[in-house]
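Listed next as C-alpha coordinates is one chain, alone, in the form predicted on its own.
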(Lines give C-alpha, C1' and ligand atoms only; values in the text may rest on other atoms or scores of the structure.)
Protein backbone atom coordinates (compact mmCIF):
# COMPACT_ATOMS: atom_id res chain seq x y z
CA UNK A 1 0.00 0.00 0.00
CA UNK A 2 1.49 3.36 -1.07
CA UNK A 3 0.65 6.36 1.10
CA UNK A 4 1.09 9.81 -0.46
CA UNK A 5 -0.54 13.08 0.58
CA UNK A 6 -0.16 16.85 0.73
CA UNK A 7 -1.32 18.48 3.96
CA UNK A 8 -1.37 22.15 5.01
CA UNK A 9 -2.04 21.42 8.68
CA UNK A 10 -0.18 22.45 10.78
CA UNK A 11 2.17 23.47 7.95
CA UNK A 12 2.78 22.36 4.35
CA UNK A 13 3.61 18.64 4.62
CA UNK A 14 4.76 16.65 1.61
CA UNK A 15 4.13 13.07 2.68
CA UNK A 16 5.17 9.93 0.84
CA UNK A 17 7.98 7.56 -0.09
CA UNK A 18 10.61 9.09 -2.37
CA UNK A 19 9.52 12.69 -1.86
CA UNK A 20 12.99 13.80 -0.70
CA UNK A 21 13.66 14.30 -4.42
CA UNK A 22 11.43 17.42 -4.20
CA UNK A 23 13.77 19.07 -1.67
CA UNK A 24 15.43 21.57 -4.01
CA UNK A 25 12.10 22.64 -5.52
CA UNK A 26 10.71 23.49 -2.09
CA UNK A 27 13.90 25.35 -1.14
CA UNK A 28 13.43 27.56 -4.17
CA UNK A 29 9.73 28.14 -3.46
CA UNK A 30 10.52 29.52 0.04
CA UNK A 31 13.29 31.71 -1.37
CA UNK A 32 16.43 29.79 -0.46
CA UNK A 33 19.34 30.19 -2.85
CA UNK A 34 22.08 28.97 -0.51
CA UNK A 35 20.68 26.66 2.19
CA UNK A 36 22.65 25.18 5.07
CA UNK A 37 21.76 21.55 5.80
CA UNK A 38 21.90 20.96 9.57
CA UNK A 39 22.10 17.40 10.89
CA UNK A 40 23.85 15.39 13.62
CA UNK A 41 27.30 13.83 13.48
CA UNK A 42 25.98 10.28 13.14
CA UNK A 43 23.85 11.10 10.12
CA UNK A 44 26.38 13.36 8.39
CA UNK A 45 28.14 10.55 6.51
CA UNK A 46 25.10 8.37 5.84
CA UNK A 47 23.80 7.82 2.28
CA UNK A 48 20.44 9.51 2.96
CA UNK A 49 22.23 12.71 4.02
CA UNK A 50 24.71 12.67 1.18
CA UNK A 51 21.76 12.04 -1.17
CA UNK A 52 20.00 15.15 0.13
CA UNK A 53 23.18 17.18 -0.40
CA UNK A 54 23.42 15.77 -3.94
CA UNK A 55 19.86 16.97 -4.66
CA UNK A 56 20.71 20.49 -3.44
CA UNK A 57 24.00 20.61 -5.37
CA UNK A 58 22.41 19.37 -8.61
CA UNK A 59 19.90 22.23 -8.41
CA UNK A 60 22.64 24.84 -8.01
CA UNK A 61 21.92 25.41 -4.30
CA UNK A 62 25.39 24.46 -3.04
CA UNK A 63 26.46 21.61 -0.79
CA UNK A 64 26.83 23.08 2.69
CA UNK A 65 26.38 21.04 5.87
CA UNK A 66 26.72 21.73 9.60
CA UNK A 67 26.81 18.56 11.72
CA UNK A 68 28.35 19.58 15.07
CA UNK A 69 25.17 18.61 16.88
CA UNK A 70 25.07 16.67 20.16
CA UNK A 71 22.31 14.12 20.95
CA UNK A 72 20.85 16.72 23.32
CA UNK A 73 21.73 19.93 21.42
CA UNK A 74 23.12 22.79 23.50
CA UNK A 75 23.94 26.49 23.31
CA UNK A 76 27.54 25.78 22.18
CA UNK A 77 26.26 23.77 19.19
CA UNK A 78 23.88 26.64 18.46
CA UNK A 79 26.63 29.27 18.61
CA UNK A 80 28.83 27.24 16.23
CA UNK A 81 25.89 26.68 13.89
CA UNK A 82 24.96 30.37 13.73
CA UNK A 83 28.61 31.18 12.96
CA UNK A 84 28.65 28.60 10.14
CA UNK A 85 25.36 30.04 8.80
CA UNK A 86 26.67 33.62 8.78
CA UNK A 87 30.20 32.77 7.57
CA UNK A 88 28.74 30.78 4.67
CA UNK A 89 26.35 33.54 3.64
CA UNK A 90 23.37 31.19 3.91
CA UNK A 91 19.76 32.28 3.52
CA UNK A 92 17.84 29.30 4.89
CA UNK A 93 18.12 26.01 6.78
CA UNK A 94 17.28 22.46 5.80
CA UNK A 95 16.85 20.81 9.22
CA UNK A 96 17.55 17.13 8.58
CA UNK A 97 17.45 14.21 11.00
CA UNK A 98 15.97 13.23 14.32
CA UNK A 99 14.95 15.60 17.09
CA UNK A 100 18.46 16.89 17.71
CA UNK A 101 19.17 17.90 14.10
CA UNK A 102 15.68 19.32 13.64
CA UNK A 103 15.72 21.31 16.88
CA UNK A 104 19.17 22.76 16.30
CA UNK A 105 18.49 23.52 12.63
CA UNK A 106 15.36 25.47 13.55
CA UNK A 107 17.21 27.33 16.31
CA UNK A 108 20.06 28.30 13.93
CA UNK A 109 17.58 29.75 11.41
CA UNK A 110 15.97 31.68 14.27
CA UNK A 111 19.09 32.94 16.07
CA UNK A 112 20.94 33.97 12.90
CA UNK A 113 18.86 37.15 12.87
CA UNK A 114 18.72 37.93 16.61
CA UNK A 115 20.90 40.18 18.79
CA UNK A 116 19.67 38.96 22.20
CA UNK A 117 20.84 35.72 23.88
CA UNK A 118 18.80 32.60 23.10
CA UNK A 119 17.58 32.28 26.72
CA UNK A 120 15.62 35.53 26.25
CA UNK A 121 13.24 33.56 24.02
CA UNK A 122 12.37 30.75 26.42
CA UNK A 123 8.75 29.58 26.23
CA UNK A 124 7.59 31.83 29.06
CA UNK A 125 4.60 34.15 28.66
CA UNK A 126 5.07 36.35 25.61
CA UNK A 127 8.88 36.30 25.61
CA UNK A 128 8.77 35.25 21.95
CA UNK A 129 7.63 38.78 21.06
CA UNK A 130 11.15 40.00 21.92
CA UNK A 131 12.45 38.42 18.72
CA UNK A 132 13.08 40.20 15.46
CA UNK A 133 10.69 38.24 13.24
CA UNK A 134 12.19 39.65 10.05
CA UNK A 135 15.55 38.11 10.95
CA UNK A 136 14.28 34.53 11.00
CA UNK A 137 15.52 32.54 8.01
CA UNK A 138 13.16 30.11 6.22
CA UNK A 139 13.21 26.48 7.41
CA UNK A 140 12.52 23.23 5.59
CA UNK A 141 12.33 20.18 7.85
CA UNK A 142 13.15 16.63 6.80
CA UNK A 143 12.66 14.08 9.62
CA UNK A 144 14.65 10.85 9.42
CA UNK A 145 13.15 9.32 12.57
CA UNK A 146 9.56 8.97 13.75
CA UNK A 147 9.43 10.32 17.28
CA UNK A 148 9.89 13.92 18.32
CA UNK A 149 7.63 15.53 15.73
CA UNK A 150 9.91 18.57 15.80
CA UNK A 151 9.26 18.92 12.06
CA UNK A 152 5.79 20.31 12.85
CA UNK A 153 6.69 22.16 16.06
CA UNK A 154 6.99 25.83 16.98
CA UNK A 155 9.81 25.27 19.46
CA UNK A 156 13.27 23.82 19.98
CA UNK A 157 14.67 22.15 23.10
CA UNK A 158 18.17 23.47 23.79
CA UNK A 159 20.32 22.42 26.77
CA UNK A 160 22.05 25.15 28.77
CA UNK A 161 25.61 23.79 28.90
CA UNK A 162 26.37 25.62 32.16
CA UNK A 163 23.32 24.63 34.21
CA UNK A 164 22.61 21.31 32.39
CA UNK A 165 18.94 22.26 32.13
CA UNK A 166 16.82 21.80 29.03
CA UNK A 167 15.06 24.96 27.90
CA UNK A 168 12.16 25.21 25.44
CA UNK A 169 12.80 28.08 23.01
CA UNK A 170 9.60 29.20 21.27
CA UNK A 171 8.56 31.36 18.34
CA UNK A 172 5.66 30.85 15.88
CA UNK A 173 8.16 31.12 13.01
CA UNK A 174 10.04 28.06 14.30
CA UNK A 175 7.35 26.17 12.39
CA UNK A 176 9.02 25.02 9.14
CA UNK A 177 7.62 26.48 5.91
CA UNK A 178 7.63 23.00 4.35
CA UNK A 179 8.09 19.56 5.89
CA UNK A 180 9.04 16.55 3.77
CA UNK A 181 7.95 13.29 5.41
CA UNK A 182 9.59 10.53 3.38
CA UNK A 183 9.33 7.17 5.19
CA UNK A 184 12.13 5.74 3.02
CA UNK A 185 14.55 7.92 5.02
CA UNK A 186 13.68 5.99 8.20
CA UNK A 187 14.33 2.52 6.78
CA UNK A 188 17.94 2.41 8.01
CA UNK A 189 17.09 3.31 11.62
CA UNK A 190 18.57 0.82 14.11
CA UNK A 191 16.03 -1.13 16.15
CA UNK A 192 16.91 0.66 19.39
CA UNK A 193 16.26 4.06 17.73
CA UNK A 194 13.02 2.81 16.14
CA UNK A 195 11.89 1.74 19.62
CA UNK A 196 13.01 4.91 21.42
CA UNK A 197 11.61 7.36 18.87
CA UNK A 198 8.38 5.38 18.55
CA UNK A 199 7.88 5.43 22.32
CA UNK A 200 8.55 9.19 22.27
CA UNK A 201 5.67 9.61 19.81
CA UNK A 202 3.49 7.44 22.07
CA UNK A 203 4.46 9.47 25.16
CA UNK A 204 3.57 12.72 23.40
CA UNK A 205 0.15 11.39 22.42
CA UNK A 206 -0.50 9.81 25.83
CA UNK A 207 0.45 12.88 27.86
CA UNK A 208 -1.40 15.27 25.57
CA UNK A 209 -4.49 13.06 25.84
CA UNK A 210 -4.26 13.02 29.66
CA UNK A 211 -3.46 16.73 30.05
CA UNK A 212 -6.22 18.58 31.94
CA UNK A 213 -6.25 21.57 29.56
CA UNK A 214 -9.04 22.17 27.03
CA UNK A 215 -8.09 21.46 23.43
CA UNK A 216 -10.53 19.03 21.75
CA UNK A 217 -8.66 19.00 18.42
CA UNK A 218 -5.46 17.88 20.11
CA UNK A 219 -7.43 15.34 22.14
CA UNK A 220 -8.67 13.61 18.99
CA UNK A 221 -5.27 13.73 17.28
CA UNK A 222 -3.59 12.25 20.37
CA UNK A 223 -6.02 9.35 20.49
CA UNK A 224 -5.54 8.40 16.85
CA UNK A 225 -1.77 8.86 17.23
CA UNK A 226 -1.76 6.24 19.99
CA UNK A 227 -3.71 3.87 17.76
CA UNK A 228 -1.19 4.22 14.95
CA UNK A 229 1.68 3.49 17.35
CA UNK A 230 -0.14 0.46 18.75
CA UNK A 231 -0.74 -0.94 15.29
CA UNK A 232 2.47 -0.05 13.50
CA UNK A 233 5.39 0.42 15.92
CA UNK A 234 5.82 -3.33 16.55
CA UNK A 235 5.76 -3.88 12.78
CA UNK A 236 8.36 -1.19 12.11
CA UNK A 237 10.50 -2.61 14.91
CA UNK A 238 10.32 -6.18 13.61
CA UNK A 239 10.93 -5.23 9.97
CA UNK A 240 12.63 -1.90 9.37
CA UNK A 241 11.90 -2.11 5.63
CA UNK A 242 8.10 -2.19 6.16
CA UNK A 243 7.36 1.12 4.38
CA UNK A 244 3.67 1.13 5.34
CA UNK A 245 4.54 0.80 9.05
CA UNK A 246 7.31 3.42 8.71
CA UNK A 247 4.86 5.82 7.03
CA UNK A 248 2.21 5.46 9.72
CA UNK A 249 4.85 5.98 12.43
CA UNK A 250 5.92 9.22 10.72
CA UNK A 251 2.29 10.35 10.92
CA UNK A 252 2.07 9.34 14.59
CA UNK A 253 5.22 11.35 15.38
CA UNK A 254 3.85 14.48 13.73
CA UNK A 255 0.49 13.94 15.42
CA UNK A 256 2.12 13.69 18.84
CA UNK A 257 3.86 17.02 18.37
CA UNK A 258 0.67 18.71 17.13
CA UNK A 259 -1.29 17.21 20.04
CA UNK A 260 1.06 18.33 22.79
CA UNK A 261 0.01 21.93 22.24
CA UNK A 262 -2.57 20.71 24.79
CA UNK A 263 0.19 20.00 27.29
CA UNK A 264 2.66 17.37 28.47
CA UNK A 265 3.25 16.01 31.96
CA UNK A 266 5.47 14.20 34.42
CA UNK A 267 6.81 11.65 31.90
CA UNK A 268 8.61 14.56 30.26
CA UNK A 269 9.25 16.43 33.52
CA UNK A 270 11.25 13.42 34.77
CA UNK A 271 12.81 12.62 31.40
CA UNK A 272 14.23 16.10 30.69
CA UNK A 273 16.58 16.29 33.74
CA UNK A 274 17.75 12.71 33.13
CA UNK A 275 18.59 13.53 29.51
CA UNK A 276 20.29 16.80 30.39
CA UNK A 277 22.52 15.22 33.08
CA UNK A 278 23.11 11.70 31.74
CA UNK A 279 22.67 12.34 27.99
CA UNK A 280 20.22 9.44 27.68
CA UNK A 281 18.01 8.97 24.63
CA UNK A 282 14.92 11.08 25.26
CA UNK A 283 12.32 8.66 23.88
CA UNK A 284 13.82 5.65 25.63
CA UNK A 285 13.88 7.62 28.90
CA UNK A 286 10.20 8.48 28.42
CA UNK A 287 9.45 4.79 27.90
CA UNK A 288 11.18 3.78 31.14
CA UNK A 289 9.40 6.32 33.35
CA UNK A 290 5.97 5.88 31.72
CA UNK A 291 4.46 3.13 33.98
CA UNK A 292 5.27 4.79 37.34
CA UNK A 293 3.86 8.10 36.07
CA UNK A 294 0.68 6.37 34.86
CA UNK A 295 0.21 4.89 38.33
CA UNK A 296 0.90 8.27 39.97
CA UNK A 297 -1.67 9.98 37.75
CA UNK A 298 -4.29 7.24 37.96
CA UNK A 299 -6.70 9.06 40.33
CA UNK A 300 -7.04 11.91 37.81
CA UNK A 301 -6.91 10.05 34.49
CA UNK A 302 -8.59 6.67 35.02
CA UNK A 303 -11.81 7.59 33.19
CA UNK A 304 -9.87 9.00 30.23
CA UNK A 305 -7.64 5.92 30.02
CA UNK A 306 -10.68 3.63 30.15
CA UNK A 307 -12.07 5.48 27.09
CA UNK A 308 -8.70 5.34 25.32
CA UNK A 309 -8.36 1.62 26.01
CA UNK A 310 -11.79 1.00 24.47
CA UNK A 311 -10.82 2.97 21.34
CA UNK A 312 -7.51 1.12 21.07
CA UNK A 313 -9.20 -2.27 21.41
CA UNK A 314 -7.58 -3.02 24.77
CA UNK A 315 -9.71 -4.95 27.26
CA UNK A 316 -9.59 -4.37 31.01
CA UNK A 317 -9.85 -0.59 31.34
CA UNK A 318 -6.99 1.20 33.11
CA UNK A 319 -5.30 -2.03 34.25
CA UNK A 320 -5.52 -3.45 30.73
CA UNK A 321 -3.96 -0.27 29.30
CA UNK A 322 -1.20 -0.35 31.92
CA UNK A 323 -0.43 -4.00 31.11
CA UNK A 324 -0.39 -3.13 27.40
CA UNK A 325 2.28 -0.46 28.03
CA UNK A 326 4.40 -2.99 29.95
CA UNK A 327 4.00 -5.54 27.16
CA UNK A 328 4.88 -2.99 24.46
CA UNK A 329 8.03 -1.95 26.34
CA UNK A 330 9.06 -5.59 26.68
CA UNK A 331 8.41 -6.23 22.98
CA UNK A 332 10.64 -3.26 22.06
CA UNK A 333 13.50 -4.12 24.42
CA UNK A 334 12.92 -1.11 26.69
CA UNK A 335 14.72 -1.57 30.04
CA UNK A 336 12.60 -1.70 33.18
CA UNK A 337 14.63 0.86 35.16
CA UNK A 338 16.69 3.99 34.47
CA UNK A 339 19.71 2.33 36.11
CA UNK A 340 20.03 0.29 32.89
CA UNK A 341 20.61 3.61 31.08
CA UNK A 342 23.41 4.55 33.48
CA UNK A 343 21.32 6.69 35.84
CA UNK A 344 22.31 6.58 39.52
CA UNK A 345 20.46 7.50 42.72
CA UNK A 346 23.07 10.07 43.79
CA UNK A 347 21.45 13.00 41.94
CA UNK A 348 17.76 12.37 42.71
CA UNK A 349 17.44 15.58 44.75
CA UNK A 350 18.96 17.68 41.96
CA UNK A 351 16.84 16.04 39.24
CA UNK A 352 13.68 16.42 41.34
CA UNK A 353 14.30 20.16 41.76
CA UNK A 354 14.70 20.39 37.97
CA UNK A 355 11.60 18.28 37.27
CA UNK A 356 9.14 20.41 39.25
CA UNK A 357 10.15 23.60 37.41
CA UNK A 358 10.28 21.95 33.97
CA UNK A 359 7.78 23.64 31.59
CA UNK A 360 5.93 20.32 31.21
CA UNK A 361 5.25 19.88 34.94
CA UNK A 362 2.27 22.24 34.91
CA UNK A 363 0.43 19.99 32.46
CA UNK A 364 0.52 16.92 34.69
CA UNK A 365 -2.99 15.89 35.81
CA UNK A 366 -1.77 15.44 39.41
CA UNK A 367 0.42 18.14 40.97
CA UNK A 368 4.09 17.17 40.73
CA UNK A 369 5.46 18.17 44.13
CA UNK A 370 9.10 17.86 45.13
CA UNK A 371 8.34 14.84 47.34
CA UNK A 372 6.38 13.19 44.54
CA UNK A 373 9.23 13.76 42.07
CA UNK A 374 11.73 12.21 44.51
CA UNK A 375 9.51 9.17 45.03
CA UNK A 376 8.99 8.75 41.28
CA UNK A 377 12.72 8.99 40.54
CA UNK A 378 13.52 6.46 43.25
CA UNK A 379 10.97 4.06 41.76
CA UNK A 380 12.15 4.65 38.17
CA UNK A 381 15.86 4.18 38.94
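Numbering follows the first chain given and starts at 1. Computed from a prediction, not measured in an experiment: that's the story for all the values here.
In what follows, reference is made to the form predicted in complex with a small molecule, a form of this protein that is not presented.
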Name the single residue among 325, 46, 30, 55 that comes within 4.5 Å of the small molecule in the predicted complex, judging by heavy atoms.
46
Here the chain is shown alone; which of 251, 148, 297, 211 has a heavy atom within 4.5 Å of the small molecule in the predicted complex?
148
Among the candidate stretches 297-305, 137-145, 75-83, 214-222, which one is within 4.5 Å of the small molecule in the predicted complex when only heavy atoms are counted?
137-145
In the predicted complex, residue 273 touching the small molecule (heavy atom, 4.5 Å)
no
Can residue 186 be called a contact residue for the small molecule in the predicted complex at 4.5 Å between heavy atoms?
yes
Indicate whether the small molecule has at least one heavy atom within 4.5 Å of a heavy atom of residue 317 in the predicted complex.
no
Distance check, residue 207 to the small molecule in the predicted complex, heavy atom within 4.5 Å:
no
